[in-house]
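In structure tokens, one chain follows: the form predicted alone.
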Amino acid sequence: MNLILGLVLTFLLAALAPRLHALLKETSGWVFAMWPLAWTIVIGSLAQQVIEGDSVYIRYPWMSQLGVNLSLYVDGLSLLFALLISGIGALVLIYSGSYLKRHRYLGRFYLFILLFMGSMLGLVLSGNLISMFVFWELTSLSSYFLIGFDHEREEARRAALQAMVVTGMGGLALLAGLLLLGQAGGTLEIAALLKQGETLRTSPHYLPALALIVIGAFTKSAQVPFHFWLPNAMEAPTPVSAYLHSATMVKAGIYLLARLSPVLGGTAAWQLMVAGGGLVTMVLGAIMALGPSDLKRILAYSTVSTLGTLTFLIGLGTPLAAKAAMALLLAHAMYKGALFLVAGAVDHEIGIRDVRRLGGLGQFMPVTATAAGMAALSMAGLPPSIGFISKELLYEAQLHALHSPTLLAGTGVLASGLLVAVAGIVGLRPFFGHPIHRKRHLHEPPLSLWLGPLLLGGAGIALAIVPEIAASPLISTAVSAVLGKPTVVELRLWHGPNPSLALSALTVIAGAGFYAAQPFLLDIAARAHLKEWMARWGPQRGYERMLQGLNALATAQTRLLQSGFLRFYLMIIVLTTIALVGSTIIIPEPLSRWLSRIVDARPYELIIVVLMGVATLMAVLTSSRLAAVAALGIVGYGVALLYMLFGAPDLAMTQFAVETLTVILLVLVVYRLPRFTRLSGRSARLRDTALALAAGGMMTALMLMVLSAPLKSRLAPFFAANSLTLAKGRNVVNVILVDFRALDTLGEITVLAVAAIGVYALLKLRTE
């Protein structure tokens, strides 16, 4: 299957999903899952080529003049992400058909999630910065629809808007950063940029581009202080949480940083921004995960912590860190997707997600409990699981860091220990111990609800036992892409006694302590009013204040710009023109040149100009319409006299004729109009006077600048040489008007016709 054609068909399938669901009914989830399964097979067929060191590059011209093409680039990094997107997507579609069974908007849900799937695949497979940004924004748009799927609930609508605003603002920053990156590298093609790392890092655009791209990635991947939107997004249905917020959307920022690390990484600024931000997020996310009692919110905060860990490892930039990041990426997608699906299955069967009210479900839901146990084992980093391997690599990378390895290892143990406690809370507590919930007829959920978590949890164990079959090749190619050089990674479940193993044991002990001490820790937090303090001073409050400010600004702007009065609209247009044009005008030198020429003016020329100025003033100040018309006639006849004095008798005769006709028409019109009435106060007239003088001064300044510049026209010789030969006329001006400017003259005639219609309407006006 051609990859570009596959993307197009994915979006087409999304558009047809509601109609197909109406035909397929309850089997629609299984049928739709065949499409991402086909994607998994197609992407998997490219694995051997990528493992051998070759990349797949497909380029379809789009806006080639601007350097924008629909390019697809498949290497180890995009291969790993695409397999996760399509593989987990197939399981989520199967799960959704049962979880949202008989939901009246299930067809619409399939549309949104397939749209998101296609957007995410396009993002990780894009080989052009701009096409990648387009898919990046499509993921934000489709996630907005998915988070707000239950649109009748205000909480869902608010969470969807919050996610859209935060990630959308980050998207604007990202676009600016990508454009700067493309300008610095001279191309927007990712494959070409990856070969220019040294050039880009020494470019003056490097720091602003880096800062903007990091902001875009941090907002998407919920890094502190942009993390607050992710827990709130748990208002979405559970299939959305499992897919978007554990395996795909929130990993988009991780993908972006990993993709651009060969060209942006390796500097102090990169490590400070990326590694520093990730380290803070890793610790704070793990701490906050102990607070909630809702299963999905607990998992959301733990996801924030893991995303921080991934960001930290990518920012660290060492080969060991890259290996740990890719292994953790694979492990997290599996165990977190499984746990979200388990939480949804529990909620679907019991209607409760509060861990304080859950217990002993394992005897009623043994298969679901098994899936949860395997996923929790991997999340806690216990053998035999892929999570254990990734945690060992994390500690190894921290211990071999160039700066403060002991401090980094200590923060790693703290965060991982807290996540061990979280794994026990969400993966073990609901299924073991004394039954708390007394609902009768508890039973195992249907196959489609436990198949996904069982396969994901089992895969996390299988990949750890035999990593050389799939995990090692996938991780090796992904690490090679991140580091920009071929790298071989050998994943092993057992490395023997070493410092990393000791830290793992310490982590389990710390996790058990945190698990047992959770009530005590929550009591301390309640006594310190931490929740109230965060609600008042945290980033969530900052977002709310920003939104209130934007709404207030929009209201004030609407009142100012959309007043409903034509005179105010004209004033705004004139003021804007004065500000934009006037700010670019430099008056002194042209003005001095023009003033020096006044000395050469003849007296009768000055008399005419002064007379025109007096007439203009009279037209403005007089209260008689006839006097105003006469004054305007003086201005027009003065212009005609100037034409004659400067050797343009044909223009002078035209001006005389037009001015005479205009004066006659105006006299006939104003004779029928009612008497003058003052409709504005003194302050309004003074304001209008100042505005008119400013506009007139700007036009005068523009004319002075034009007149002061040397006249080197290329049109004058052309018209002089071709007026007779091409247009058969010796009068150049008339030839220009009739032949060379025929369309313009037609426009002028049209204007006069419209004015005549207006005059006719005024003449027909009847006043009482």
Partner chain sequence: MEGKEAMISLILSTATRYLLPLLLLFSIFVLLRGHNEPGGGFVGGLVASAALALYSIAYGVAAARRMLRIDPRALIGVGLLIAIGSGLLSMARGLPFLTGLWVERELPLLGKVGTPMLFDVGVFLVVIGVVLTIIFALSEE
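The term rigid core refers to the maximal set of C-alpha atoms that superpose within 1.5 Å between the two forms. Source: prediction; values computed, not measured. Numbering follows the first chain given and starts at 1.
Same protein, other form: the form predicted together with its partner chain, not shown, and the subject of what follows.
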> Would 657, 731 and 760 all count as contacting its partner chain in the predicted complex, using a 4.5 Å heavy atom cut-off?
Replying inline: yes
> Looking at the partner-bound form in the predicted complex, is residue 672 within 4.5 Å of its partner chain by any heavy atom?
Replying inline: yes
> Would residue 23 count as a contact of its partner chain in the predicted complex, using a 4.5 angstroms cut-off between non-hydrogen atoms?
Replying inline: no
>> Check residue 528 for me: does it contact its partner chain in the predicted complex (non-hydrogen atoms, 4.5 angstroms)?
In response: no
>> residue 38 versus its partner chain, in the predicted complex: is there a non-hydrogen atom within 4.5 Å?
In response: no
> Heavy atoms within 4.5 Å of its partner chain in the predicted complex: which stretch among 399 to 407, 664 to 672, 299 to 307, 257 to 265?
Replying inline: 664 to 672
> Given that its partner chain is left out here, which of 56, 42, 737, 34 has a heavy atom within 4.5 Å of it in the predicted complex?
Replying inline: 737
> Which one of 544, 523, 468, 650 is close to its partner chain in the predicted complex, taking close to mean a heavy atom within 4.5 Å?
Replying inline: 650
>> Where, within 733 to 754, is there a heavy atom within 4.5 Å of its partner chain in the predicted complex? Residue list please.
In response: 734, 735, 737, 738, 739, 742, 743, 745, 746, 748, 749, 750, 752, 753
> Is residue 736 one of the residues whose Cα moves 2 Å or more between this form and the one not shown, with the core superposed?
Replying inline: yes
> Has the Cα of residue 192 moved 2 Å or more between this form and the one not shown, judged after a core fit?
Replying inline: no
> When you overlay the rigid core, is the Cα of residue 668 off by 2 Å or more between this form and the one not shown?
Replying inline: yes
